[in-house]
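The chain below stands alone, shown as structure tokens; this is the form predicted alone.
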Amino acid sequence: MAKLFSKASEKDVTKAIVSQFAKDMVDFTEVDVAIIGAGPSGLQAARDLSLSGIKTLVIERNNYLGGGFWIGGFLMNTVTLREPSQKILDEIGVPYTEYTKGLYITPGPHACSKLIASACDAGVKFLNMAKFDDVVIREKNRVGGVVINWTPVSALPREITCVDPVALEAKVVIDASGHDAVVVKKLEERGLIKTPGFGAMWVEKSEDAVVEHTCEAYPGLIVTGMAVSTTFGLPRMGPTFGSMLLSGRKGAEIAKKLIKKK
């Protein structure tokens, strides 16, 4: 039989995986920005930050990236965006159609894969199958990093597992974890912040409000996307993605200013 592929044994493949991953983990221990959640707002923020030369790591609990951007609403993978957010699709080379005036539609897999690819091209690093567990708190109660563990650990019965998490230092943390707002909720558990939870659906109000309220919600912690709704009690936005992209972009701008101050 003719040899099509180059020579590599099982041990070579294993060494390649382990050595590169270990090298990446050492590099991840200190980053400029750690983003929790690889949905559209997290990906957009990460892309913009990396394009500005800021060392950015995205931590995602799932084995895939993109959150709900793949599948739109009701498991129908046409996604909607309202003007002016379609301009981001122009930036990353995604085709779209104007469905009604100012309302655009595009295939979710195409838009999502392009956003992921453009983030990778910009230099964003990803750690998937890793779940946010806690925050690192520094002087004056400022958020200074994140504590993470493997996602499968949380699925094991408590009585048969005891796997301590590890911590990563970051100048800024972005909570892009969707309505769960896991970083904000962890601060709330400690009485450091109070959240009302997200309100009922009202697309006309929610998209503008999410972008407007995207901010440093707590020293060292920025909220983007649906986490903004939960943090400030805003209406939920449903399966429209424009504000998630623009919120991510605004979050990146805020992060740049915070890093510049340090």
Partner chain sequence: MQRNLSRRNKIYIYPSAWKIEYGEIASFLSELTGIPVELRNSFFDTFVIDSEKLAVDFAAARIFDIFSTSCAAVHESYAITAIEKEFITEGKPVYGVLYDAGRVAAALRKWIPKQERRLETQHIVFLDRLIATYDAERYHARMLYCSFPSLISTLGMIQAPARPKEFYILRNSNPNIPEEVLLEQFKEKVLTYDDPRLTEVAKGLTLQTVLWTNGFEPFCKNRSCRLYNAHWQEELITSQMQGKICGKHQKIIRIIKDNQNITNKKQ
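Predicted model, so just to flag it, every value in this text is computed and none were measured. Numbering follows the first chain given and starts at 1.
The discussion below concerns the form predicted together with its partner chain, not included here.
- The stretch among 63-71, 194-202, 47-55, 22-30 whose residues place heavy atoms within 4.5 Å of its partner chain in the predicted bound form is 194-202.
- Checking Leu103, Val147, Leu127, Ile137 against its partner chain in the predicted bound form, a heavy atom within 4.5 Å turns up for just one residue: Leu103.
- At a distance threshold of 4.5 angstroms between non-hydrogen atoms, Ala217 is in contact with its partner chain in the predicted bound form.
- Using a 4.5 Å cutoff between non-hydrogen atoms, Ala209 counts as a contact of its partner chain in the predicted bound form.
- Under a 4.5 angstroms non-hydrogen atom cutoff, its partner chain in the predicted bound form has Leu234 among its neighbouring residues.
- Proximity of Lys114 to its partner chain in the predicted bound form falls outside the 4.5 Å heavy atom cutoff.
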